[in-house]
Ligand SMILES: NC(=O)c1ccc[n+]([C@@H]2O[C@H](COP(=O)([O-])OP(=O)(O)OC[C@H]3O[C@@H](n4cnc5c(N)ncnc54)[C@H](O)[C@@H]3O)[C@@H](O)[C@H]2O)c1
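Consider the single chain below, provided in structure tokens and representing the form predicted on its own.
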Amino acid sequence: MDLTKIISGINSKKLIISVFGLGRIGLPTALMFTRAGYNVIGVDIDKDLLNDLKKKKTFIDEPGLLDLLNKAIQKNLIEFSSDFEYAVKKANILIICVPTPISENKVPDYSAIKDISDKIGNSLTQGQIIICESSVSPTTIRDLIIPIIEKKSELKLNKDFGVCSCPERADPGKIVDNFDKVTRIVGGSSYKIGKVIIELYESITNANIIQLSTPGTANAVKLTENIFRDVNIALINELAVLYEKLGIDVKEVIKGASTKYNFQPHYPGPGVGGPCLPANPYYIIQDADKMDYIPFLIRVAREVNDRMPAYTLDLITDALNYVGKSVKGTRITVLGLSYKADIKDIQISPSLKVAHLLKEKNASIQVWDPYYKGKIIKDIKILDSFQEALKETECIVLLTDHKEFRDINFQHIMKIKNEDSPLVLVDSRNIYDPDNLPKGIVYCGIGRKILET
């Protein structure tokens, strides 16, 4: 494959980049190419989304993103389109950023990958390179994307076109900020193609970039780092449940263990959420199944973390029973629905699962999340203010550790309480120190026994 045109285009910034899928990863990727001076075609099937972007509006809550969008439009470096054929034929580089969610049956849904591979294959011409930033299993590019494109285009890999994997390693809430900091990984269908794509990414980011031997290896790196976290979070969740039963404070244990040079602390919680941690293990599990291999540890870790919302409900139940109340009919203030702190994102959120479990138990829940105030999220109404959520509350359940929740004035809450019974505080993220809480609170956390302040 002749890479002269691509290399020349990198040096002159004359390449045209088409980015397919303008979600939380695709849009920042497209705008980072415009930041470097490239012309970009942003492609999506959602025409309402495209119209909003043309009006300089985005649903994605990422610091710095709107500024990049405004500059790209002002400089006429980006166009938005739902015409896939046009976007494929016009560009030199095609970047796949479509979603790869997990089905209800815990099976990777690659329907969007299949669809975009079909569309690319139908219009692909010689000399183009396809980059996959979507999260996929190690075998997906080799066994799914490449065969579809070769069949549809009647072109040959590495002779007529190239393929690379450069899986996103983004941290929602810090995607723009981390773009120049987090190392990128690239695996090409050939060494030369991989090398050229490294040059391309070097032209848009100051982050380090390393080359791996194959696209599958790059995808394995992405999955391994997330599975590592999922397994370790499952381990500490399991220990937290055990230590709570033994009367041992897991937070104290983690603090002590962290003094050992080779201990890497992970923290318990109501479960794991987001587009990666609860999903990525199933990409590997599916590949393992094809090889007649059972990754027992990965599967058990998923089961442990998936059980944590139910365990959190048990914790709430036990704490209420301690003061002579049941979940049913109790006015419970739920703090946080996002899957993690300080971002607007409820993808596979364990906090949302706990809220639904409380509703199923007929609790009278009052939900507050500063990122969703006044909205209805999957049948859960979020109130307009924290003060409104505190009205006549009998129990506060912290599910997401937004920074706004770390400095709550519990002294004030105790003063405005109408009844004499204790206030139950269930701290599923272990962010509060019971020693600093006012009198009259029954406190418990994950891996921490019930305490009366």
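Numbers follow the displayed sequence, beginning with 1. Computed from a predicted structure; not experimentally measured.
Another form exists, predicted in complex with the ligand; not displayed. Remarks below refer to it.
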(request) Identify which of F179, F161, Y201, F84 has a heavy atom within 4.5 Å of the ligand in the predicted bound form; exactly one of them does. (result) F84
(request) With the ligand left out of view, choose which of D143, D306, E225, D115 has a non-hydrogen atom within 4.5 angstroms of it in the predicted bound form. (result) D115
(message) Looking at heavy atoms inside 4.5 Å, which stretch does the ligand contact in the predicted bound form, given the options 298-306, 271-279, 147-155, 193-201?
(response) 271-279
(request) Decide if the three candidate residues D249, S428 and G447 all line the ligand in the predicted bound form, where lining means a heavy atom within 4.5 Å. (result) no
(request) Answer for D46 alone: is it within 4.5 Å of the ligand in the predicted bound form, judged on heavy atom distances? (result) yes
(request) Decide whether S351 counts as a contact residue for the ligand in the predicted bound form under a heavy atom distance cut-off of 4.5 Å. (result) no
(request) Look up in the predicted bound form whether G9 has a non-hydrogen atom within 4.5 angstroms of the ligand, and give yes or no. (result) no
(request) Flag P99 as yes or no: does it have a non-hydrogen atom within 4.5 angstroms of any non-hydrogen atom of the ligand in the predicted bound form? (result) yes
